[in-house]
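One chain comes next, on its own, written as structure tokens: the form predicted on its own.
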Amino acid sequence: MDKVVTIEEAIARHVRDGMTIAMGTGLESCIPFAAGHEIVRQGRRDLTLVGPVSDILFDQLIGAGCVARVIAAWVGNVGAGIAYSFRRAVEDGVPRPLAVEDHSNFTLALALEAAARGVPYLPSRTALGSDLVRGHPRLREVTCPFTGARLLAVAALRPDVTVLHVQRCDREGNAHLWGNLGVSLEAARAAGTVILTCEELVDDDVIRSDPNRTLIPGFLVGAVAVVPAGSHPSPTQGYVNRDDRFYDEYHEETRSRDGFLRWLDRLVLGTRDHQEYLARIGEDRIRRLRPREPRPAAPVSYGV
């Protein structure tokens, strides 16, 4: 089945108000900023966002008024520390009140893995004895029925949609992904469906040539959108490096609510699509983020 659509069509078809959306699951890599910006342009509301380290993508969606709840280990600006829109929403309810479900990176990974396996929870010892467990809706102390040991049960978390940015995939959604994976595989298997944005669309012969790198199988995928540099300002290994300057600029521009709204209008609401966004960033700047030299991995042989 050919699943290739525009990013506009992918968001319109699969992301609706009130849904739970996993994004930024690769920690600091392959964050699907282009998809997040399209969610803002289409005015989605009351979303629950899931991600371990979402960087400033969650901050942008929160500041745009799209988010009612965050399930995360950390929300901020990796390059500068604080995320101002997140803080304004939590402390002052601006632009709207925000509920937060705190996790460690590991408890969030376990919650997604439980959903991926189709079980109600997974046991762990992590976070036992910490304040994280106190009054938590998804973490509960239990006794092991086999050993009597004290354990932590981490309840399953099933996103409606997981959005991933990958290096390449075919028209059916079979995707090659490499670099820092974070919890991308768990989030893909846990979700109702997956939206992929990719750097390039390739023939299925390319995907079949290295089956061990096909980490996202097409049967999980609902839509594929070709969006080069769709992770900017975060990196996609082998295609685009991290735009460190962007994070510093965002930090300075969004200190105030008015500053954030000006930033949002200039780079998201004031642009028609990701190509226009990149044009605002500057062609020369994007070109300088491309890798300076190729560093291919050692080849493998699947000879018979």
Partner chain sequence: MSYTASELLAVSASRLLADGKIVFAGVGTPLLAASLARLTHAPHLTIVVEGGAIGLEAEPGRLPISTNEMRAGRRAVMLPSITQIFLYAQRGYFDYGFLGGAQIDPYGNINTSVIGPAERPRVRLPGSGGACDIACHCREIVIVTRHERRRFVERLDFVTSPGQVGAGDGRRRAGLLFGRVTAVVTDLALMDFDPATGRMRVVALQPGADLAQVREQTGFELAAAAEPDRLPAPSEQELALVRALDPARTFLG
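Numbering follows the first chain given and starts at 1. These numbers were taken from a predicted model, which means no experiment stands behind them.
What comes next is about the form predicted in complex with the partner chain, which is not displayed.
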* **the partner chain contact at C144 in the predicted complex, heavy atom, 4.5 Å** => no
* **the partner chain contact at G81 in the predicted complex, heavy atom, 4.5 Å** => yes
* Asked: in the predicted complex, does G65 have a heavy atom within 4.5 Å of the partner chain?
  -> no
* Report yes if any heavy atom of R292 sits within 4.5 Å of a heavy atom of the partner chain in the predicted complex; otherwise report no. => yes
* **Contact stretch among 155-163, 195-203, 180-188, 218-226 - heavy atom within 4.5 Å of the partner chain in the predicted complex** => 180-188
* Asked: When you measure heavy atoms, are T20, A115 and P120 every one within 4.5 angstroms of the partner chain in the predicted complex?
  -> no
* Asked: Which residues, if any, of 116-130 lie within 4.5 Å of the partner chain in the predicted complex when only heavy atoms count?
  -> S124, R125, T126, A127, L128, G129, S130
